[in-house]
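For reference, the chain that follows is the form predicted on its own, supplied as structure tokens.
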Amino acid sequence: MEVGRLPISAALKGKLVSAGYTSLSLLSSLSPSHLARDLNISENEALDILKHAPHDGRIDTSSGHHIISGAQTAWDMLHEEELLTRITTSSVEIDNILGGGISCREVTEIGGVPGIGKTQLGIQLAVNVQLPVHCGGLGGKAIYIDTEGSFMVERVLQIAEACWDDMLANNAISQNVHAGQVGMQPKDFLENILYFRVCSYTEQIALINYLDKFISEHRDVKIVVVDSITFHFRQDFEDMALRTRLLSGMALKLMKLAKKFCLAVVLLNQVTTKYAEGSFQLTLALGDSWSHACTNRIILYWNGNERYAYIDKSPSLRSASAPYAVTARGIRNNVSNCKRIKLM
């Protein structure tokens, strides 16, 4: 039984889903104080939620129906999707083709040639997920898994400072926060990015296996960025069948994490060449079988001197392209006066 059928207010349902509590099994062992802390609600509200979550996995709704724990109807799924929020990319054009931004409960692959802005976008999302919901974020933390050594903390601070300035300019922060008394400061954005550096494919697999336990203990994590998913799997592999099995197992675990904890998983990918129709063409790395491992696939590419994002695959979004810019302030709309920076 999913929480979408609980006889509680829509606001409380939204908080449950945003915190990753999408089924009764996740609620059955919680104390009221624990749930109140996770949802930032009163203990009385938490008690009201928990009294509708019996340990036998069943619930008697207002219609009198009983549903076995673990089952889910298409109607429940539709309501869950309506409650989900998205993470802004800081580019209105990209957000528009994505239906509002990067979706939770899904795995999104973002690939492109070197220098196109993959790492910049990954860092931007790790910062933006911390913004309040009304500013395009989820008010959560980020896990950033760095396989290439391309993560630059100075660049993270630069993007965080730009986000802070934008919030001040848009009057999204109260005056006491503006005075520096309470609330999030640019340095706090950095403290909310949990960074892991992995140096081999075995370390990468071990970390992905560990994430379930880690996120269970850090329920405020709302995005996992892997930069890049590819690096350690493009070398030292003579047994390609083994590589395919390892990648498939890792992809499955990431998909389960996204759904279980209602978070976004973003996988950055490299490009390679593929011989097709009598010529060599650029394509995303890891082969055709890997292309089925993600829910959404976004390809970043150059069109002349302009950067574009293209939705190559999605079950719910139509194929479309949008221009964007990489500026000193991070990912932004593609306008002529944007100040470009040299990418790492």
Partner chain sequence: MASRPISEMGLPKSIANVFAARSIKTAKDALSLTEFDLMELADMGLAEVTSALAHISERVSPPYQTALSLLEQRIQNEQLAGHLPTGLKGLDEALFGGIPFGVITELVGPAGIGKTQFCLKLSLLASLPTRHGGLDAQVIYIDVESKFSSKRLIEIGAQSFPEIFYTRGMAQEMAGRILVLRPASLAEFTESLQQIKLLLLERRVKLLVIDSMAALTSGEFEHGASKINPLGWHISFLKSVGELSRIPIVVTNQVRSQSSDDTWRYNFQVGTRHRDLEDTSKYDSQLIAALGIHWAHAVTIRLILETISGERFIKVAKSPMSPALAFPFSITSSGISLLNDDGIEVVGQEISTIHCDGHSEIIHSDTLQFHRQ
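Since the model is a prediction, treat every value here as computed from it, not as a measurement. Residue numbers count along the first chain shown, from 1. Rigid core: the largest C-alpha set superposing within 1.5 Å between the two forms.
Same protein, other form: the form predicted together with the partner chain, not shown, and the subject of what follows.
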property	result
Stretch from 85-93, 101-109, 186-194, 259-267 whose residues place a heavy atom within 4.5 Å of the partner chain in the predicted bound form	186-194
Partner contact for Ser279 in the predicted bound form: the partner chain, 4.5 angstroms, heavy atom	yes
4.5 Å heavy atom contact, Arg219 to the partner chain in the predicted bound form	no
Contact label in the predicted bound form: Thr202 to the partner chain, heavy atom within 4.5 Å	yes
is_contact(Trp75, the partner chain) in the predicted bound form, heavy atom dist at most 4.5 Å	no
Residues of stretch 111-146 in contact with the partner chain in the predicted bound form (4.5 Å, non-hydrogen atom)	Gly112, Val113, Pro114, Gly115, Lys118, Gln120
Exceeds or equals 2 Å, Cα of Glu45 between the shown form and the other one, core fit	yes
After fitting the core, Ala328 CA displacement of 2 Å or more between the shown form and the other one	no
Closer or farther in the predicted bound form, the Cα atoms of Ile8 and Leu131, when the shift from this form is 3 Å or more	farther
